[in-house]
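In the form predicted on its own, a lone chain appears below as structure tokens.
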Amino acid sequence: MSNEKEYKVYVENRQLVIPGEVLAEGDIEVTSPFIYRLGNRWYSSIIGLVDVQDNKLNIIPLEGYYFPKVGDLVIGLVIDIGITNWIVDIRAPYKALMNASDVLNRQFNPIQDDLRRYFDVGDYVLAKIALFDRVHNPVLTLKDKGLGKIVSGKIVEIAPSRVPRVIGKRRSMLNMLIEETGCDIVVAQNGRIWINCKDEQLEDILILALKKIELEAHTTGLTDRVRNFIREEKSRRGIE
């Protein structure tokens, strides 16, 4: 008996699709949360570009919000402080919670501990999604290397759906941005990007490059165009 999966694809690679459009039928491997199944057929739930590679079906969203997943790296903005936790905006339909016991790495004592000493409203934090089940709000953790309050640099926001394009295949776009600008760049899954540059000129160029990627994410040959854009901007501004 053959172990090969039987399926049929009704769309072409890089084709623009709309919600409700039939994409395929059968046992094709689906790697996107924006594709749903009814009977034996697969449908798109969003406007996006189809990606069909190696017998796998995916959709690259053209618009949309961030949907949390456990393990995701996110940059959150503290918007309120509770009795035992911080309320954090992660650009999702749900506000995230960051518990004092996780941050302090010990049991929280409301009499002795003032949460504002650690994070105040308006602070940015680099964290990971520790828990999320669609019933309760996402819970953040700082228990990993490099996580914590962001105290330097600048935060740039792009559409969360453009994050894969900023990173690129095998980090190709991200590595190019770092090499060409010399900036430190941390890309979070929720569309916030933390940048640290040695001067304001390079910071401005990097921000323009990120916005160019966001605007032209659906096009091909983007890495080379962005590289040329950065070099032209550096030359125009007299930056070696």
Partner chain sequence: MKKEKPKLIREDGLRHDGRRPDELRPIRMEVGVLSNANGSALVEYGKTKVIAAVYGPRELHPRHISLPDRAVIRCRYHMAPFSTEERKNPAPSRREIELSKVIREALEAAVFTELYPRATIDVFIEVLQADGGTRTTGITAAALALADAGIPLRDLVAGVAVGKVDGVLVLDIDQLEDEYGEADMPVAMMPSLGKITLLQLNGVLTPEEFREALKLAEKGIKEIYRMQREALKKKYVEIKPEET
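Quantities reported herein were computed from a predicted structural model and do not represent experimental measurements. Numbering follows the first chain given and starts at 1.
There is another form of the same protein, the form predicted together with the partner chain; it is not shown, and what comes next is about it.
Just one of Y118, Y124, F108, Y94 comes within 4.5 Å of the partner chain in the model of the complex, counting any heavy atom, and that one is Y94. This chain appears without its partner; in the model of the complex, the one residue of D144, D80, D114, D133 with a heavy atom within 4.5 Å of the partner chain is D133. Partner proximity in the model of the complex, defined as non-hydrogen atoms within 4.5 angstroms of the partner chain, places exactly one of 100 to 108, 165 to 173, 151 to 159, 135 to 143 at the interface: 135 to 143. The closest non-hydrogen atom of S45 lies within 4.5 Å of the partner chain in the model of the complex. Although the partner is absent from this view, L38 contacts the partner chain in the model of the complex, with a non-hydrogen atom inside 4.5 angstroms. Interface membership of L215, defined by any non-hydrogen atom within 4.5 Å of the partner chain in the model of the complex, is confirmed. Put simply, L62 is close to the partner chain in the model of the complex: some heavy atom of it is within 4.5 Å. Scanning 19 to 41 for heavy atoms within 4.5 Å of the partner chain in the model of the complex gives P19, G20, E21, F34, Y36, L38 in sequence order.
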